[in-house]
Each structure stands twice: as structure tokens, then as C-alpha cells.
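In C-alpha cells, the next block holds one chain alone, the form predicted alone.
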């Protein structure tokens, strides 16, 4: 009987540190935040009960509307991009090629690099005279060379694949060895054409000097509802690049857990690589996709650090998110803290995150029959 009691209490003992942290730092904090959201409080005087005034003020606050719009745009676009990129990277890195461990380590590097350091590097890349504008200028002036390279690449790949088809040998359109050979041949041929002066750079094209950060420009222009500001778009690229490798690991683990018999059965049935991926691999990764999308939505809706680090480099209205809105109301630079407004926005953000995740769970479960 005593041994049975120990077995029953053991899980709770092991969970007690986490439960302590959860209750003290999350449960208690949430209750205090929820209470302050109905008060007027500035950290220096006792809180005064004001009912739903803070929530009504949020609806009237133009900056809160911008923060909500930016957060939703950021969550939808970044979560989609990082999920697709993570799956694509995992499929590539799941191949049996030499040096695959090196490539896996290289692709994972952005996730272990300091967010502050990466953000500072991106700020340098997106300057008016930065690397991004330099590469865009090269693309504009060298469009003839780029077109010739890709034209030769397509011709070379088609020639190799058609040659094998004529010999009645099984080969896919994207045969890796042919792709590598096509790239090498196209590069050498383009290099010779450029050196002999047959293909030249375009002249008279002004350099690209797009202002990426310190601007309120949007894309598409003059679309205040669905338009994405240039600074926020830059942060989206940065966040996608740094978070996709972490989710790539989840997909990679899922890919390596798929039984080989399924691939062999698909091959026996004559399925192409695309059909194998769509009808065999994708359903097997449904649970991981749900996890990746859920984690992506939660993290993107709470995005704060990169906006805070960019700071004055970009107009606040162009990059403000709900998490940053909470911060600037709780810790303003020149006026008294608005803890009530900050708490109301934080509670709204919490319930918004919960609502979106529940909707996503319902959609995924009904669409693909995921066991949740």
C-alpha cells in the first residue's frame, strides 16, 4: 500500500518545480494582469476600479488598431512562410548525401544565434546603401546575364532528361545529378559569353536605393487595410529566416520516423516523387504540421524583441505589434505608466492567441483527421 502511494505521488513530485513556476509566474501574474485591466493604475498610486473603460479606450485607440493589424499580418504571413520553408529544408536535408551533417548544422545556425545580433546584422543589410539594395542593383543591371544563365540551364536539363527518356531509362525531371551538371555547364557557358562580350551588363540603370526601415511606405501602395509596411516586411523575412530551422528539426524527425515500407509500396505502385510526397509523406506529418503551425502562431502573435531592437530605425506605426503596444504603455519614456491599458491589451492578446489556436485546431482536425 505504501509503495503504491509513492508511485502515485511520484509524478506530482517530479512536476512540482514546473507547477510552482506555472502557478507563481504565470497563474498569479495572469490574475493580477486581469484585475489591473479593470483599473487605472500607474505603479505609484493605488489602483482605481474603472470597469471596462480600458477595453473601450483600446477600441478607440488608433495605435492599438495598427498593432492588431500588424500582429495579424505578421502571424499569418510568417507562420505560413516558416512552415513551408521548414518542410522544404527538412525534405532536402533528409537525403542521403555526403556531408549531410555539415549542411544540417549550417542550416540550424540561425536558430542558435543571438536574436539581437541577427537583428543588428539585418539592420545593416537593409540600409539604403546596404547589401540588399546592392544585390537588387546587380540583378537590374545583369538581367541579361541572369536570363541567359537560366535559359541555358533549362535547355541543358531538358536535353539530358529527354536523352534518357529516348533510351527508355527511368529518370525524373529534377534528377539531382542532372541538375548539378546543368548548373555547372550553364555557369561555364555564361561565363564564356560574358568574357567574350557577347552578353553584357545593362548600362544607364540607376542604383536601387530603397529605404527599407525608416519609411512608412506600404506594399501594395495606398492599401491601408491589407498593405504591409516595408519595415514590417523586413522583420518578417528576418523572423522567418531565424525560426524556420527550429521547425525544420521537427519535420526532419518526422520524416525519419516514416516507415520505409510506405515508400517501397508507393514505388511499387509507380508513384512519382510528388505523389509520394503528397499522398504518403504529407499525411504522415500532419501531427507535426499542427504542432509547427500552433507554435508558430503563438510565437508570432507575441513578437516583441526584433521590433524593440530596431527601435527608432523604423517609424513606430509601421512596426508596432500587440506585444510592443503592451510594453510602451507599461513603460513609456516620458509619461506615467498606463498599467490598466497595458493589462487590457495583454489580456486581449492572450484571448486572441487562444481563439486563433482553437480555430486552427478545429480546421486541421476536420480537414485531415489529426489526432489531437
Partner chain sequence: MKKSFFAVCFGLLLMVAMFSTVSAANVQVRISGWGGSDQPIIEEMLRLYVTPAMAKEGITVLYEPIADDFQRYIVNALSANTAPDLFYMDIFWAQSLIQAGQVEPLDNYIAKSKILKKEDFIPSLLDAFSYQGKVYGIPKDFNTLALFYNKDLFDLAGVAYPDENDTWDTLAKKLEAVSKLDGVYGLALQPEFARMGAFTYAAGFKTFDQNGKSNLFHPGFKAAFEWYTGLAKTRAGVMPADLGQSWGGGAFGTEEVAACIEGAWVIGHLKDQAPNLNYGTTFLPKDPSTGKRGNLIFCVAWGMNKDSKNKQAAFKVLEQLTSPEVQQWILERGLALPSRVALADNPYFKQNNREAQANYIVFRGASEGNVVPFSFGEYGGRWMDPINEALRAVMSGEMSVEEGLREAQYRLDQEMQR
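Residue numbers count along the first chain shown, from 1. Just so it is clear, the model here is predicted, and its values are computed rather than measured.
Keep in mind the form predicted together with the partner chain is missing from the figure; the text below concerns it.
Peer 1: Hey, in the predicted bound form, does residue 101 get a heavy atom within 4.5 angstroms of the partner chain?
Peer 2: Flag for residue 101 set to no.
Peer 1: Indicate whether the partner chain has at least one heavy atom within 4.5 Å of a heavy atom of residue 216 in the predicted bound form.
Peer 2: Although the partner chain is absent here, residue 216 would touch it in the predicted bound form, with heavy atoms inside 4.5 Å.
Peer 1: If we define contact as a non-hydrogen atom of the residue within 4.5 angstroms of the partner, is residue 129 a contact of the partner chain in the predicted bound form?
Peer 2: Contact with the partner chain, yes.
Peer 1: Contact with the partner chain in the predicted bound form for residue 332, defined as at least one heavy atom pair within 4.5 Å: yes or no?
Peer 2: Result yes; residue 332 sits at the interface with the partner chain in the predicted bound form.
Peer 1: Looking in the predicted bound form, is the partner chain within 4.5 Å of a heavy atom from each of 62, 315 and 337?
Peer 2: Judged in the predicted bound form, 62, 315 and 337 all sit within 4.5 Å of the partner chain.
Peer 1: Hey, of 107-115, 216-224, 248-256, 80-88, which bit sits against the partner chain in the predicted bound form at 4.5 Å between non-hydrogen atoms?
Peer 2: Stretch with heavy atoms near the partner: 216-224.
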